[in-house]
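One chain follows as structure tokens, the form predicted alone.
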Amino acid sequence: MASKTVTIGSRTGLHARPAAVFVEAARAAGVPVRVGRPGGAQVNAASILAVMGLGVEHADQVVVTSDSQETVDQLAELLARDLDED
């Protein structure tokens, strides 16, 4: 299992548009992906309601976990960007 901790770059955290972009990328990965706060429960990254339910704000950290290191790296890179501007 691969995982990576990343600091959220979006000004609005994982809400609305940034969450939708992340969830779409997680779904497209083709492998199960989980996301959550460090030390906390992880949720299905392909569920918009679950991701938004984490209440993640700008500069919070999350852990992305999957069986694929490549997927983890790609999604972590995505979360580090300001998805409000993309």
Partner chain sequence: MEASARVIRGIPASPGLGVGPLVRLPRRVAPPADEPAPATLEDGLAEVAAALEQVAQGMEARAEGATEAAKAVMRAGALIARDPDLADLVRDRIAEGLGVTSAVAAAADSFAAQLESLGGLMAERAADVRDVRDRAVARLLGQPESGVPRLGWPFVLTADEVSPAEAATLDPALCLAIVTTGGGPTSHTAILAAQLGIPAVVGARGIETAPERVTVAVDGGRGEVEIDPSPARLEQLRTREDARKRALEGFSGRGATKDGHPVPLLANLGALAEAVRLGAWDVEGVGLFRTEFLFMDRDRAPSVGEQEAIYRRLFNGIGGLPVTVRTLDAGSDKPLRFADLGLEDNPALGQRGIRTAGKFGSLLDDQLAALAQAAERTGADVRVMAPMVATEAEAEWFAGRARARGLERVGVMVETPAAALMAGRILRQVDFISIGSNDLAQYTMAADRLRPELAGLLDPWQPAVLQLIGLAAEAAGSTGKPVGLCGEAGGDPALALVLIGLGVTSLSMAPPKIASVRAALASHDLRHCRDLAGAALAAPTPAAAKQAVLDAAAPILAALT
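Keep in mind the model is a prediction, meaning the values are calculated, not measured. Positions refer to the first chain, counted from 1.
Beyond what is shown, the protein has a form predicted together with its partner chain; the following relates to that form.
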{"query": "Exercise: Met52 in contact with its partner chain in the predicted complex, heavy atom 4.5 Å", "finding": "yes"}
{"query": "Touches its partner chain in the predicted complex: Ala29 (any heavy atom, 4.5 Å)", "finding": "no"}
{"query": "Non-hydrogen atom contact Val63 with its partner chain in the predicted complex at 4.5 angstroms", "finding": "no"}
{"query": "Interface membership of Leu78, its partner chain in the predicted complex, 4.5 Å heavy atom rule", "finding": "no"}
{"query": "Within 32-63, the residues that have a heavy atom no more than 4.5 Å from its partner chain in the predicted complex", "finding": "Asn44, Ala46, Ser47, Ile48, Leu49, Ala50, Met52, Gly53, Gly55, Val56, Glu57, His58, Asp60"}
